[in-house]
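Just the one chain here, laid out as structure tokens, in the form predicted alone.
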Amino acid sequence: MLKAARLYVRFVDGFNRGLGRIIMWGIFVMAAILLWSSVSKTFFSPSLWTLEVAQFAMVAYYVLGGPYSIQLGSNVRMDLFYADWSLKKKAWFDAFTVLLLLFYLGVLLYGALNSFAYSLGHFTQEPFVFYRDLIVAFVTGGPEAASEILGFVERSPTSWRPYVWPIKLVMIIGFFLMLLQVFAEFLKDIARIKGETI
């Protein structure tokens, strides 16, 4: 197999493994937030921020942990026939179905980019034009010029009213990393079909 493919797989696997091992501690962050929510409701005045921060933490936990889950093969799979197949037959099947997953993740990434642009005040269907204009304004005129490109920055409709763009940015990063990991899995499947390992 090409040396570039091996380097790509090694880099993506290593990065997503490291990130996944950090993100898996996020379950304790969510538990701590929800514990504080219960304690504050029982003994103090209820905190407004706990439920939404727990939701944001859960989104980050699932989306950023997704690439590591794909790498480990711990995603849900119908094993009725698959479990009895040979490694080469599994690789052929995975190489075909991963193309569908790549398309699906591409659609999710495009939707996340659209949603992120919306959260920054861009309300048309052309997010890439908005990003280009935002970058050009920032490079040529600095933060003040870029702030003129931004519209009404979206906030959550709750009483706490946090900005939602940070969690939408996390979703973009997570979907992009999943795309990279799925492509690495595709390269591994191609290597298995050829009788090689990466």
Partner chain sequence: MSYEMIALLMFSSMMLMLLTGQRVFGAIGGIASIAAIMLWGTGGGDIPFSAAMKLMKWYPLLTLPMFIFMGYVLSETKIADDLYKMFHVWMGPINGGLAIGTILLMVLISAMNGLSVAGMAIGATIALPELLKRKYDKRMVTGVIQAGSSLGILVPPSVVLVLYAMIARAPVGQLWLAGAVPGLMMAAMFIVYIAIRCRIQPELGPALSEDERDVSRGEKYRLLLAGLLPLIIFAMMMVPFVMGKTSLVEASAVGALTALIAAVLKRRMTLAILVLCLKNTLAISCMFMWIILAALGFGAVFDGLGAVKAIESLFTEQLGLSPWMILILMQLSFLVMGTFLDDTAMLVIVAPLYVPLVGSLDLGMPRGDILIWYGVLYTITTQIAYMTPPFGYNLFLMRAMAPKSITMRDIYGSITPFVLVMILALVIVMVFPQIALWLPNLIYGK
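Every value quoted in this text rests on a predicted model; they were computed, and no experiment measured them. Positions refer to the first chain, counted from 1.
Here the subject shifts to the form predicted together with the partner chain, a form of this protein not shown in this document.
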query	finding
Interface membership of Phe128, the partner chain in the predicted bound form, 4.5 Å heavy atom rule	no
Tyr62: touches the partner chain in the predicted bound form, heavy atom cutoff 4.5 angstroms	yes
Residue contact check: Phe138 to the partner chain in the predicted bound form, 4.5 Å heavy atom	no
Arg77, heavy atom within 4.5 angstroms of the partner chain in the predicted bound form	yes
Candidate from Ile173, Leu150, Ala145, Ile167 lying within 4.5 Å of the partner chain in the predicted bound form - any heavy atom	Ile167
Within 14-37, the residues that have a heavy atom no more than 4.5 Å from the partner chain in the predicted bound form	Gly20, Arg21, Ile23, Met24, Trp25, Ile27, Phe28, Met30, Ala31, Leu34, Leu35, Ser37
